[in-house]
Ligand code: 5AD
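One chain is shown next in structure tokens, namely the form predicted on its own.
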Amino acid sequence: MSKLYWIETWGCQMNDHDSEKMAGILSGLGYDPAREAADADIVLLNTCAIREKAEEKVYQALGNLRAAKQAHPEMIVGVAGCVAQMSGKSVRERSPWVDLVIGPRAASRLPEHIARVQESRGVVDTTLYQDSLLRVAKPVRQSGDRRKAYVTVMEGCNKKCSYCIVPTTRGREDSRTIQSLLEEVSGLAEEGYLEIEFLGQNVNAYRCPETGEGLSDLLRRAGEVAGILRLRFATSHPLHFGSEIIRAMADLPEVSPYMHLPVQSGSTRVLKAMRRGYSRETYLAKVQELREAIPDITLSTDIIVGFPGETEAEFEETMSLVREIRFDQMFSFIFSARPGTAAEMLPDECPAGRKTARLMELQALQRGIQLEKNQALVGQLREVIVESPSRRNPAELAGRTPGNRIVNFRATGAVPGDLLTVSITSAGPNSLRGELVEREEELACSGAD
């Protein structure tokens, strides 16, 4: 009987891809995926520490695993990712049935750590290995449909945003060579993948250690790889999002007209307290340059409400920024103090109830904007790559446009990875509905959203 593994993942695309890498390592050791955690010989929780709520979900999951561990003492229970890096030994102190604690840059040492656990329970490795990008087995792609593949271009972040724990959990920036990235992209194209998303905590700070080439160079050279229809990248920091990247996006049809550019606040004073390195005005200027170069760009962002010291007037500055820019998508959160960050020590007089109210006001504004922008697409044609069955109706399919919008539609015989054209028939704030267009020549009428 083969050995089985189970990996549960929280957080960003980086964590999703880290899980794919760990699955690849385990596959190379002779493990197969389990149907559920209780059946597995090794269970790994790949964690996120960006907010306190995400961290607590990890300990809830560990509590649920306790009975399975007691029933099968030989099961290896591991915590990986940012909570592991942040908390280290205290993970095992809080949940003594955990055998293995490994930070993001120690995951490449998984075979060695499994062997150590099997010899004597209790391994903790939170070393920020500088060679972690070079010691990766072939990932087990989660999509499995030859549609989209993640490719890590760099790790870590050199920024010192006052609220952010990523530099602590992920370490300093380290980039892969452009040649190794192009070889990986070419190999994925040969396997039939259509879409590549380049990943990094601060992806537009990518710099090839051998040639000095940056993200714009990588996009241009990856755009020449036959078979790749779409290129994306995340996550961008506005401070490093420059004209050369915008020009590459505008020049290359393979680069999707979509940009996630976290603003975090519309107040220059709050941005300074956050140590973001840009002002409201410089962010607006970048958005203007982006929209002038790519008029049909889909723009998404992150916003934190209730940052320590944020006044009612400063919150209104954020609301006015959202009204002015009219983002297509937004991810918004109440400030969550993370241990060891500078913001943890800032005085905070705003009541929790008011923070919640601010978040609800912001989200209501954004829902209205998204609904208006999505309804404006009704009657238009869009190209989609089929991703999966629709969440709401398994008899339908869900596909994604170049501008990162979800479209639900019916298409008999279509499978994930198919490239189709749909006519948009209705819209909600978070997704579109469409009908399949049979005649491929109508694709010439389609837009980017």
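In case it trips you up, residue 1 is the first one in the sequence shown, and so on. Predicted model, so just to flag it, every value in this text is computed and none were measured.
Beyond what is shown, the protein has a form predicted in complex with 5'-deoxyadenosine; the following relates to that form.
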Query raised in the report: 217-225, 326-334, 202-210, 89-97: which one contacts 5'-deoxyadenosine in the model of the complex at 4.5 Å, heavy atom to heavy atom?
Result: 326-334
Report task. Check each of Glu173, Asp302, Glu361, Asp348 and return the one that places a heavy atom within 4.5 angstroms of 5'-deoxyadenosine in the model of the complex. Result -> Asp302
Report summary line: Partner-free chain; cross-checking 5'-deoxyadenosine in the model of the complex, the single residue of Gly309, Gly242, Pro262, Gly277 with a heavy atom within 4.5 Å is Pro262
**Report entry** Distance check, Arg338 to 5'-deoxyadenosine in the model of the complex, heavy atom within 4.5 Å
**Finding:** yes
Query raised in the report: Is Arg51 close enough to 5'-deoxyadenosine in the model of the complex to count, meaning some heavy atom within 4.5 Å?
Result: yes
Query raised in the report: At the 4.5 Å heavy atom threshold, is Tyr283 in contact with 5'-deoxyadenosine in the model of the complex?
Result: no
Report task. Verify the contact flag for Tyr163: yes if a non-hydrogen atom of it lies within 4.5 Å of a non-hydrogen atom of 5'-deoxyadenosine in the model of the complex, no if not. Result -> yes
